[in-house]
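The chain below stands alone and is given as structure tokens, in the form predicted alone.
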Amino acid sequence: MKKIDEHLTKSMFNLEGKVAVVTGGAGALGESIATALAMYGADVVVTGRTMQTLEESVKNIEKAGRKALAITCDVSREDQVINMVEKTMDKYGKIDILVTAAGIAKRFPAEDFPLDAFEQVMDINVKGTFLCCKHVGKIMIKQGHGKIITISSVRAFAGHPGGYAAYGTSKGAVNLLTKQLATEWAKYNINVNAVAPTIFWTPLTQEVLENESLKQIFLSRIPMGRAAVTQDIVGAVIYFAAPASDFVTGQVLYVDGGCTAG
């Protein structure tokens, strides 16, 4: 049995010298993840649909003392994903970490769910995740290493009466895609894992969480009795991005206050 290497143990969460790509880097979660990756030593590329929305993320990364690059990218369009990867490689020459934080939610009763809204959720959450993994994965295969962290949800675990026919289905697909890529790419030393939070405070969920009756529906399913905040989720992402998780792949980590426990 090997003894614990003290230096290795102390550097288990060190990301110095790494290059990370965070899609959806202008969103509340994506921005927090990008900033945290920079704080742990990574240079970070953030993507979003418009350059202006990425300015705050870039500032936060640079405040953490790391290099930042903003690239406009609609993750549902393969040509734009390819362009994003090419620009990242031109700038840094490698991609060590990918976090697929780009995502949307549309809520309607299943019987009245507009097809265009359903397709939009699938395009961003499923196709967008796949395309980013596909083209960053090609780079990681050539490198012989990489960490991919997809963003899932507890809605992939169980249904909910709040109109999640599209969102829950999309995140269920993300979970299986994560496991599929993990099994295919393990031989290339690429780890693929998912972080699946419960509902958390963002501008997108404010409407729900500030409506007391809707809020109680969600909180009644969370044993810890509160919604998550972005800081709850960031730690799990850092773990999957860091050397600490080198022998962990194909896993879905629920950050949910006990929601999926019973």
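Quantities reported herein were computed from a predicted structural model and do not represent experimental measurements. Numbers follow the displayed sequence, beginning with 1.
If you look for the form predicted in complex with a small molecule, you will not find it shown, but the lines that follow are about it.
Only one of the listed residues (75, 192, 99, 140) places a non-hydrogen atom within 4.5 angstroms of the small molecule in the model of the complex, and that residue is 75.
Listed stretches are 141-149, 89-97, 181-189, 102-110; the contact stretch with the small molecule in the model of the complex is 102-110, by a heavy atom cutoff of 4.5 Å. Residue contact with the small molecule in the model of the complex: residue 203 places a heavy atom within 4.5 Å of it.
Shown alone here, residue 28 lies within 4.5 Å of the small molecule in the model of the complex, counting heavy atoms only. The closest heavy atom approach of residue 167 to the small molecule in the model of the complex falls within 4.5 Å. Using a 4.5 angstroms limit between non-hydrogen atoms, residue 198 touches the small molecule in the model of the complex.
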